[in-house]
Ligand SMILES: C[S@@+](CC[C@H](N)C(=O)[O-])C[C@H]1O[C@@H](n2cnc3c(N)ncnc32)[C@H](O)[C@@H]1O
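Just the one chain here, laid out as structure tokens, in the form predicted on its own.
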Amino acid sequence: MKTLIKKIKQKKELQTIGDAYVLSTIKKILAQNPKLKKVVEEKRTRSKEYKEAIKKVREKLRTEYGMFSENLSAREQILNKKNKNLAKELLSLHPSTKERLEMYPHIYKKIFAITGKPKKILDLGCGMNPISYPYMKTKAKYYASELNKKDCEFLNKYFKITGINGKAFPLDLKKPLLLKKIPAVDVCFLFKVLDTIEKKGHKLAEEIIKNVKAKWVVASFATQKLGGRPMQYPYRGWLERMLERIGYEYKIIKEINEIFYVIRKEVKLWDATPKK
């Protein structure tokens, strides 16, 4: 397995992912593909099946990791400049945050109009989103989690330079019980996370929403396919059915490229009529 992990991490964008996480991904891929598992166990490193295993694991890691570390040197250079356009330049490095640049000035205003101005925020699977803190127009304490330790170190450096009251820490969202150890917050962001952490079913998504100690959860999803074409069904019916089943209310904010579900975990109807 050590040899396989080493080969998988030869790609620059995957080098900062921890070996333990790579190993867990390998095991899941091989469990789904018995033929590939046999080839790996037999150490047939020159076979096409072995190469296919490497390819599948890399694809899985890229999807889950979000390519946050794609521009490692570029983000460090920008951060060290400390110029007035720091947030905008850093957000432009990552596809998800780059397409939100026009949205950031108003999306937080819409979200906080529903949730109220938060005093504490948690951003799970955050990527570069914490860089957008200046657009939030708040002085909230900011907790951010990302998969890789080096990415968290970068965010903590950003918080220090900009004077933001924030803390970033590594967290594997595939272990939702760990969320119980995180301090309670007013609002938890799950921006473009739930679609990437599991392919079949939505058990993990439900566990994350249930276990996070937040009054509100804001989950977002892409409304366009990778090629830029709009999705035929941008709304997430599975999420709406889940929320109805577990008794959580929600409101929807729909933007051009992204849809946001603002979920209230405290059961209380917005438009409830007085009982007679």
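Keep in mind that what you see is a predicted model, and the values were worked out from it rather than measured. Start at 1 and count along the sequence shown; that's the residue number.
There is another form of this protein, the form predicted in complex with this ligand, and it is not shown here; the text below is about that form.
Figure note: of the listed segments 154-162, 179-187, 122-130, 77-85, the one touching this ligand in the predicted bound form, with heavy atoms no more than 4.5 Å away, is 122-130.
Interface residue among 193, 168, 90, 107 relative to this ligand in the predicted bound form, by the heavy atom within 4.5 Å criterion: 193. Residue 138 falls outside the set of residues with a heavy atom inside 4.5 Å of this ligand in the predicted bound form. Among residues of the shown chain, residue 173 is one whose heavy atoms approach this ligand to within 4.5 Å in the predicted bound form. Residue 96 belongs to the set of residues with a heavy atom inside 4.5 Å of this ligand in the predicted bound form.
This ligand is not shown here, and in the predicted bound form it never comes within 4.5 Å of any heavy atom of residue 103.
Within 4.5 angstroms of this ligand in the predicted bound form, the stretch 130-161 places a non-hydrogen atom from each of 146, 147, taken in sequence order.
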